Ligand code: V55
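Here's a solo chain for you in structure tokens, the form predicted on its own.
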Amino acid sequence: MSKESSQRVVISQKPSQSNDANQPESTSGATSMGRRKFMGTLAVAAGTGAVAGSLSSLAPSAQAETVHFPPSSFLGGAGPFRSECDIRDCDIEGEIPSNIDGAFYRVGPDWQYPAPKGIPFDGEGHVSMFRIANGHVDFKSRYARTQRYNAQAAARARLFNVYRNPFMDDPRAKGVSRGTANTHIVYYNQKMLALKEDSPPVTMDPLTLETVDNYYTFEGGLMSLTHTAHPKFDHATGEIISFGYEAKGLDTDDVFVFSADPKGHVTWHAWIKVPYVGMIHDFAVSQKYIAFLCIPMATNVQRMKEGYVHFAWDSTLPTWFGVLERGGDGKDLRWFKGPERCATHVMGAFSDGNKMYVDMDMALKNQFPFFPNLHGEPFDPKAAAGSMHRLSVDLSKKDIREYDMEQLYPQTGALPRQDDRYQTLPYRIGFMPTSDASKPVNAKLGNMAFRPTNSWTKFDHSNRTTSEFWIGDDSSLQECCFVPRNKDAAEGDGYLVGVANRLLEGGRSDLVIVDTQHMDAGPVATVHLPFRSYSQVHGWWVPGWDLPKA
């Protein structure tokens, strides 16, 4: 494990001459970028984050700055995890099914240095892996060595002070990519892509979790300065389909949409414009169409210059649902208007002839209490509760101006998933962490400001039925991922894996494995960790047959 010093170091070297903080001087590889030359002079030791070589000759500042993490309500009163570790043969309660062979990866924000003006999304990307095989589980965790992480490790201080706000950065951050790689982790081209939507991916070795490239551009084919945290995969072709918004820089209304082959080469792209600039966290892809939902979480540069975060919720704005044909030039893009809504994650999407269908968790108002409401409205937790909705539009109708919206289920929750083998295809089964108000909360927890996410719910769209796994009255659940029972298993037949936090044990973390055919039977196995890990945003399952050989 790495140990942080409390001494602040003044960097005497100047960063390489840079264009914009978001623009690389070169995108040809991890060792050829101009900005990386600056990082090389600081000699950030690969794999450990320790600083060596020329840094050891740097004199300390006149006044040392102690590293201290004050309690945070977003962390349940606890500090960040910050530990990189390996556990061989984790403690297992129950029995791991013999047909589970693969790796469950998860990523989330984990603070490298205190962030007095930060929000939960602004920690450094920390990736962990549960390698499951032959009834055993090994655990490994590593920070993604982003340019930002390396720069701050060298400075021994936080350099990026307000969420996605370059105006508030320390001057020493000039020329360094602001990406944290803290939102999603997916498997592509024998590498893990650690993703944050304001920057290109970071690639990591799937076996060691060592960072391979901290500014990955698909062999130079990524023409956007940004890349979504939610690419989609067409398993019939092996393609990855993806996009970047604010693609030409801060507050630009340009979106770069593209696909790449299994070897990392961009094979198609298009440029489109959005009705207004704001968060486009996720998108939808079918065999025929690509769809975007623009929500009123609008980029606000004026407020950024005043020291605020990148976004503010503008309740006067509608949502816009845009659809274009996959593989075209983007000129066929049509935008359809809807009411003010908040929706950030897609469960699944499919097309039927000229009709496009997208299933998302959708709420009436801003779902993020740490992103301010532009017009001063107080945060409304009831209006922020999301439930599964289906958005649809018939592209054969040339005169329609609005999209259709239908609530599918009453359960409230967020972070929906599907059997990822069915991305881009008509699908039947989905999953989502939900909050069941009918279930009790342990009295020992006292009066909580929030109701824990206490269930994973399985949705069957073919008959609109649900089944549920409830974690109990003393724990909460993070996002789940689906594991097929075998390579040829039917849709949704397998297991859910995800992390539970034991609230009466200081939030200590367990990996929980649930059989999707027996959701109410409880876990088939629970993998006990001896600590509280960082909070996951998203995770990914890679079957053992698809992993590189050791």
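This one's a predicted model, so the numbers in the text were calculated from it and none came from an experiment. Sequential numbering from 1, following the sequence displayed.
We do not show the form predicted in complex with the ligand, though everything after this point is about it.
Annotated contacts: H389, F459 and F482 are all free of the ligand in the predicted bound form [non-hydrogen atom within 4.5 angstroms]. Within 4.5 Å of some heavy atom of the ligand in the predicted bound form lies at least one heavy atom of N182.
Mapping the unseen interface onto this chain, K196 counts among the residues with a heavy atom inside 4.5 Å of the ligand in the predicted bound form.
In the predicted bound form, the ligand lies within 4.5 Å of some heavy atom of H281. When the ligand is considered in the predicted bound form, H345 lines it closely, a heavy atom lying within 4.5 Å.
Proximity to the ligand in the predicted bound form, taken as a non-hydrogen atom within 4.5 angstroms, holds for one residue of Y409, W268, F368, W470, which is F368. The partner is absent here, but in the predicted bound form a heavy atom of F121, alone among F336, Y422, F167, F121, sits within 4.5 Å of the ligand.
Per the 4.5 Å heavy atom criterion, the ligand in the predicted bound form is contacted by stretch 182-190, the sole one of 218-226, 350-358, 182-190, 233-241. Interface residues of 501-537, taken as those with a heavy atom within 4.5 Å of the ligand in the predicted bound form (partner not displayed), are limited to V537.
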